[in-house]
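Single chain ahead, written as structure tokens, the form predicted alone.
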Amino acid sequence: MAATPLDRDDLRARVSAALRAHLHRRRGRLALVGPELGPVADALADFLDGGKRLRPAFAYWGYRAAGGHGSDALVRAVGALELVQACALIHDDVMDGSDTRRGKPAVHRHFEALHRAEKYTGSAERFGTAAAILLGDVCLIWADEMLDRSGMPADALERARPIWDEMRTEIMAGQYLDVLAQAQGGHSVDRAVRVVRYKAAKYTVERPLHLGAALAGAGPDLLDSLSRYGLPIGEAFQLRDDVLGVFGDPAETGKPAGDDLREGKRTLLLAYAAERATTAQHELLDRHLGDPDLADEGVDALRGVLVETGALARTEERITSLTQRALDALRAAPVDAEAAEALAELAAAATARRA
């Protein structure tokens, strides 16, 4: 069986090993502050012990697409993306009030439980929220350190830095757009697409590709080609995540079924439903969407609306169309056969049905 792009050169295992080594060094720094920081280091190590390492894989193959050859320094550089992702997920769970992540308690819930177990004074919820915000910030700082101290040449890091900085700005801007959409209410296809692009699509695929390619010295033409592939795949990836957030198996997603509905996420799936909903279906959406105590019966009712209005089918069609557009762009891109094959396989891995 041919190696997948995540397994070639044991990439996933190498990224995980690089992260563990980086966290071990940073743990020593926390220990100098005091033993009370031990649970913080433990929580982060546990949080990072999982995931598909998609973003490092896209960055790695962006580097290879630009003619670079893999190295331990490159693995450390692209591994820093996992810490950016950790920051985004930890903060996202706080903003959404999520209870779980990857089948485990969300970080803020973990620290709430610590507060109660240790019988601290004050609000356990506020303590958990504060600890998670701080841990997310630490992830962002340690991501910078992992990139800067990766061992990549100084000129390569100088080329990559503007992309790295732009990516982090886009993540935070996209997160705000998502929070704003939930606060404003209503359903807009255009708004949902913009949130998808800036909250997920760019930093999941396009910017990692650009980061890797820039480290290898890619010019603007290759970066443009990678965007034509990366943006559609990034959008398709998030749309697949949105579908799984409503219809997915909790054993696969690591979150209770219907949590996105309880959190009131204004996804493209919901915007499509609102466009074609009857008056009765609109009333169902208004009554149940964003109800944190929504029972399974309410989740099933909303799922019914998504199916009956054709929203699920339209979203699946868009995922298929976006993936095909990306693969067509990849075939036209000036990359060698191995990189093209790896990127095609990554596209399949990012958009696969798991429900």
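Note that residue numbering begins at 1 and tracks the sequence as displayed. Here the structure is a predicted model, which is why all the values come from computation and not from measurement.
As for the form predicted together with a further copy of the same chain, it is not shown, yet the points below apply to it.
By the heavy atom within 4.5 Å rule, which residue out of Arg303, His288, Arg314, Arg26 makes contact with a further copy of the same chain in the predicted complex? By the 4.5 Å heavy-atom cutoff, the listed residue in contact is Arg26.
Position in contact with a further copy of the same chain when the complex is considered in the predicted complex, options Ala329, Leu48, Val40, Leu294, heavy atoms within 4.5 Å: Only one option qualifies, and that one is Val40.
Picking from 243-251, 230-238, 209-217, 92-100, which part of the chain touches a further copy of the same chain in the predicted complex when contact means heavy atoms within 4.5 Å? Contact criterion met by 92-100 only.
For the three residues Trp61, Pro105 and His187, verify that every one has a non-hydrogen atom within 4.5 Å of a further copy of the same chain in the predicted complex; reply yes or no. Not a single residue of the candidate spot has a heavy atom within 4.5 Å of a further copy of the same chain in the predicted complex.
Exercise: Gln175 in contact with a further copy of the same chain in the predicted complex, heavy atom 4.5 Å: Gln175: yes, in contact with a further copy of the same chain in the predicted complex.
Ala113: heavy atom within 4.5 Å of a further copy of the same chain in the predicted complex? Outside the cut-off, so no.
Would Val33 show up as a contact with a further copy of the same chain in the predicted complex if we use heavy atoms at 4.5 Å? Looking in the predicted complex, residue contacts with a further copy of the same chain include Val33, since a heavy atom lies within 4.5 Å.
Answer with yes or no whether Pro256 is in contact with a further copy of the same chain in the predicted complex, where contact means some heavy atom within 4.5 Å. No, Pro256 sits far enough from a further copy of the same chain in the predicted complex that none of its heavy atoms falls within 4.5 Å.
Residues within 4.5 Å of a further copy of the same chain in the predicted complex, restricted to 330-353 and counted by heavy atom: Heavy-atom contacts to a further copy of the same chain in the predicted complex: nothing from 330-353.
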